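Heads up, the chain below is alone and in the form predicted alone; it's given as structure tokens.
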């Protein structure tokens, strides 16, 4: 099976999943966090090396204070108590995003989980929190400008060289999945998805289990990835 090395998921539909069941939106986020833990373990079993997930965008601060606080508390709770299976599996956890306007307990939880799992090498779980794709490019450009001012020779600078200026130097995204029925990228990992294959599903994220994930992988297997070239076999 042709397994994508880097899979990214826009985890959409938690709130709508809860509303349909007469529950609070927070209960949808809780179910979504349980699904994420299962998928992180399953993705490694399927041969995926990097799983990136959109947990909280820079624009999510526009939501109610109650929902924002719940999501912050959920991250702290899961990093402190619920990620032991992920650590035992050998998965390294990294968090991508801006650290400003995050609470001290959130920053500490992020620092602790990254330190705890830093030597794991079976796979990587990249959690994008307080994240924006355009913001990441801006922050990377600022880092690059600083290096240029300090004497970096950019005469032969290539697009792949810019990856080390992003929040984490991860490989390009092979497969982008968005759950919940929407078909847009919502400012998510824009630089890394330049040649990604897209997979959209109406399934809300809490219901996006192992079988749904496998459907996306099987769909990817049939894609013809050309990276700007042509399929020589088809053009004979």
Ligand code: IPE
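If you're wondering where the values come from, they're calculated on a predicted model, not measured in any experiment. Residue numbers count along the first chain shown, from 1.
There is another form of this protein, the form predicted in complex with this ligand, and it is not shown here; the text below is about that form.
Residues within 4.5 angstroms of this ligand in the model of the complex, judged by any non-hydrogen atom, belong to 64-72 and to none of the other stretches in 163-171, 192-200, 64-72, 43-51. The shortest heavy atom separation between residue 56 and this ligand in the model of the complex is within 4.5 Å. Interface membership of residue 184, defined by any non-hydrogen atom within 4.5 Å of this ligand in the model of the complex, is confirmed. Taking the partner from elsewhere, residue 33 is found to have every heavy atom lying beyond 4.5 Å of this ligand in the model of the complex.
Contacts between stretch 129-150 and this ligand, counted in the model of the complex as any heavy atom lying within 4.5 Å, involve no residue at all.
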